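In what follows, one protein chain appears twice in different forms, each by itself as structure tokens: structure 1 and structure 2.
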Structure 1
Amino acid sequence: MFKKVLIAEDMQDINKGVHTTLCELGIQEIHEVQYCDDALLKIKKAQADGAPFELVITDLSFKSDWREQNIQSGEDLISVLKKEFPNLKIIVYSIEVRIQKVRSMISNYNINGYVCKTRRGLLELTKAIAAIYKNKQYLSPEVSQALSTKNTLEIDDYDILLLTQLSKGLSQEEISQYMKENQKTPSSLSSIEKRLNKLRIDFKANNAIHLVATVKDLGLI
């Protein structure tokens, strides 16, 4: 079993639960941080001291407060860690259950595990740690479809943004204006119309409402 693990989580109650789970697994050395910058510093120091961390369990979202941070999110932390410590095992422990987000975490950063914060989250975390220790990847049942290509369509971040605005009830004209104001391209009304038509065809949706319902059911938004 892993001997040295770092928990990066800004919610103290969740930290306690994860810490207890690790203790039950017999992990000898457990460290906790509530800021991403602190996580990177601890990992670097441990590496320099010749006693590196073997596993990092991190959330994706960290709430900002009075303390200024260079690394704002768990995803940014993972990006840095994968570049500087490519052999470090990483588990995402998050409330985020969108399949597209999980898939991007796997494809962009090759994370070792993704566990959802549900009522069974700590149990799933136990399974994930055991699997990853044996060099197997692990995903919670809620997001296991992320590894499957069956009945799933690849859509990019722009499509996610477009569908998110549509789900908020914005018209195509309002979405076009939103894209322009936020410097997202393409932003023209005709481009928005074409993109939405393509998405409706891809997802076999009869109309905008059906499209939004379908992508929500798939966990894409």
Structure 2
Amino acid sequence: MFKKVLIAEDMQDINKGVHTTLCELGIQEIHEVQYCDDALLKIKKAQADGAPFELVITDLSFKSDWREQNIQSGEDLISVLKKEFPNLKIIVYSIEVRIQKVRSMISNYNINGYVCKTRRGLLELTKAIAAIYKNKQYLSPEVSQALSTKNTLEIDDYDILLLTQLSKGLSQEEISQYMKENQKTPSSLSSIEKRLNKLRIDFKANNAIHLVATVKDLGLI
């Protein structure tokens, strides 16, 4: 079994829950951090001391508070870690169930496991740890389709940006302006209209209000 594991998770209770589980698995050295910057620091330190971490279990979202942080999100943390410590195993432990998100985490960072925080989250986590210890990738059932099928609607970053601006109360005209100012293309009012129309159809929404409500429910924005 792994000997040295780091938990990066801002919520104290979950942190503790995971800790207890790792203890039960017989992992000897378990460290916890509640901030991404601390995670990177600890991992660098351990490496320098010749006793590197073997596994990191990290959340994706970290609430910001009074402490200034260089690394704002779990995704940023993973990006840095996979670059500086290619051999370090990483499990994402998150409430996020967006297939698209999981797929991008896998393809961009080649994470070793993705476990959804659910009722049985800890059980899944132990399964993931066991699998990864045998050098196998593990995805909890909710997202395992991320590897196989291509069921997802093709929603790209531009769409997300568009929907975000729309939800912030900008008119289509204002969004057009915004896109021009930010060098994003397409930026014409007509294109904005067309794109939003496509999204409305994709999401079976009656109008823009319905569209925004829907994508918010899906957690896309």
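Sequence positions of structure 1, starting at 1, serve as the residue numbers. On a predicted model such as this, the values are computed, not experimentally measured, just so you know. For the two forms, the rigid core is made up of the largest set of C-alpha atoms that agree within 1.5 Å on superposition.
- Here, the chain labelled structure 2 is taken from the form predicted together with the DNA.
- After superposition on the rigid core, the Cα atom of H19 is displaced by less than 2 Å between the two structures.
- Once you line up the core between the two structures, the Cα of E181 ends up 2 Å or more from where it was.
- With the core held fixed, the Cα of N70 is displaced between the two structures by less than 2 Å.
- For S191, the CA shift between the two structures after superposing the rigid core equals 3.3 Å.
- Taking the core as reference, the C-alpha deviation of Q172 between the two structures is 7.2 Å.
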